[in-house]
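Just the one chain here, laid out as C-alpha cells, in the form predicted on its own.
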C-alpha cells in the first residue's frame, strides 16, 4: 500500500469538511475544525474549506459543491453529521481521507468500510484527531492547537490520539526535528505497518518512533520492522501489557529498540539520527560537577554499561595541558572549565582505544561554561564517526537553553542522566543489530 500513501503525506490539493459552530458536546468538533483550518496556513498546496455552518470567510457551505478530484480530504464532524455529509463529499472524488470523527456505532463503521472499499479510498481513522504532518511541504492536517514543529528527520507513528497529542508536546519540549507524523486512530484503513512501509522509503526520514496499543497482524508488523531496521533505527513504545512476552521478544529479534518510557522516546530517537552506533559498552565521562558523574555510574551500570577510565597516556595528555583537571575514573574539568577545555578533553577521550562513547555532563549557570560554548562540543561530536558523543544538561533552565542551541547540530542533548545512559545503551544495541545483519 505504501506508494498510495503519497496522497496522504504529499497531497497537491486538500478539502477540509467540518462545521465551525456546533452546540453541546459537538462543539469539540467545531473547535478541532477551526484548529485544522488554521494549521493549513503554511501548506504549499491548494486548500478548499467546506463549513456547514457557513461562517468561515471564503468557505463553501455544501459538500457536493467542493472541487472535484482532491488528493486529500480531512473530515471533522460528529457522527450524526458525518453520516449525512460524507457521502456527498465523496461524490466529488478524493483519493485519501483523514477521519477525525470518532465514537462511531458498529453499523456506521461497517458502512464506512464498505464505502471506502467501493470508492477505493485511502482511509486514516476514524478517531484520528492528530492526523498527519509532513514538515517538507507544510502539511499540518492535525487538530493540535498551533503546533510548533521543526523540520527534521524523525518520523512518529501513533494509534491513540491522546498519546499522539502527548508525543507532539514532547517533540516541542525537546525541540526535536520531525519529518513525518501520523495518528492511525482506530485503523479501519491505513495501519502502522502500512505507514512503516512508506517511511522506510522516505528520504526525509532517518529514524522512526512507533507507539502501539494493539495490532491486527503482528506477524506482518514484525516482518516489516525487520526490513526497516536495515535502513533506519526503529524505536517502539509499548503502550499495552498485551504486547509483552512472545511479541516483545519477536520485536527485539527483528531489531526494534523497545522502551516503556515516553519521556525518553523522542530525544533518544533523535540521538540515534545525530550520532553513530556504539561498538562496546565503556563510556568516558567529562563533567564540570563530579557529583553528577558519580550518579551517572549507577545509571550506566543499570543500562549494562560501565565507566571507562582514561588510559595513562590519555590522562597525561589531558593533565599536561590542563593541570587543574582531575581524573578519578571520570574526568572532572571543574566549574571553571571553558569551551577549549571540553574540546581538548573530548578529543583525547575519543582517541582512547578503551573508550566506546563519551557522555558530557555539565551545568551552565553554576559554572564559567557559557551556553555558546556548547557549540564547540557539538563541533567535536560532528567529527566523531564511530563513537557517539552525547551531552546531558541537568538543570531544567540550562537544558532549555541547550536544546535551542544544539537543535541543528550533531550533538544530542538530554535533560536527565538516566536518559543519557539509556541513549548510549540504544546506540550499542543498534551496533549489535547491524553487526548481526552483516553476518547473515
Partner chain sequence: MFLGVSMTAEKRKVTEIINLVQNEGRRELLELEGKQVLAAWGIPVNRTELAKNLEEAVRIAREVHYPLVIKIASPNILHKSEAKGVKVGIASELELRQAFNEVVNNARAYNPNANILGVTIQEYLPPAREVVVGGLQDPSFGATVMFGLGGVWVEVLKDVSFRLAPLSAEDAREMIQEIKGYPVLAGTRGAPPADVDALVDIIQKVGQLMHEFPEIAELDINPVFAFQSGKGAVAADARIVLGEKK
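Residue numbers count along the first chain shown, from 1. Only a predicted model underlies this, so the values are computations on that prediction, with no experimental measurement involved.
The same protein has a further form, the form predicted together with the partner chain, not shown here; the description that follows concerns it.
Among residues of the shown chain, residue 173 is not one whose heavy atoms approach the partner chain to within 4.5 Å in the predicted complex. Using a 4.5 Å cutoff between non-hydrogen atoms, residue 262 does not count as a contact of the partner chain in the predicted complex. The partner chain in the predicted complex is not approached by residue 276, whose heavy atoms all lie more than 4.5 angstroms from it.
Under a 4.5 angstroms non-hydrogen atom cutoff, the partner chain in the predicted complex lacks residue 304 among its neighbouring residues. Proximity to the partner chain in the predicted complex, defined as a heavy atom within 4.5 Å, singles out one entry of 247, 344, 322, 299, which is 247.
Of the listed positions (121, 86, 104, 222), a single one reaches within 4.5 angstroms of the partner chain by any non-hydrogen atom in the predicted complex, namely 222. Partner contact region in the predicted complex: 212-220, out of 212-220, 364-372, 345-353, 154-162, criterion any non-hydrogen atom within 4.5 Å of the partner chain. If you take 117-142 and check each residue for a heavy atom within 4.5 Å of the partner chain in the predicted complex, you get nothing at all.
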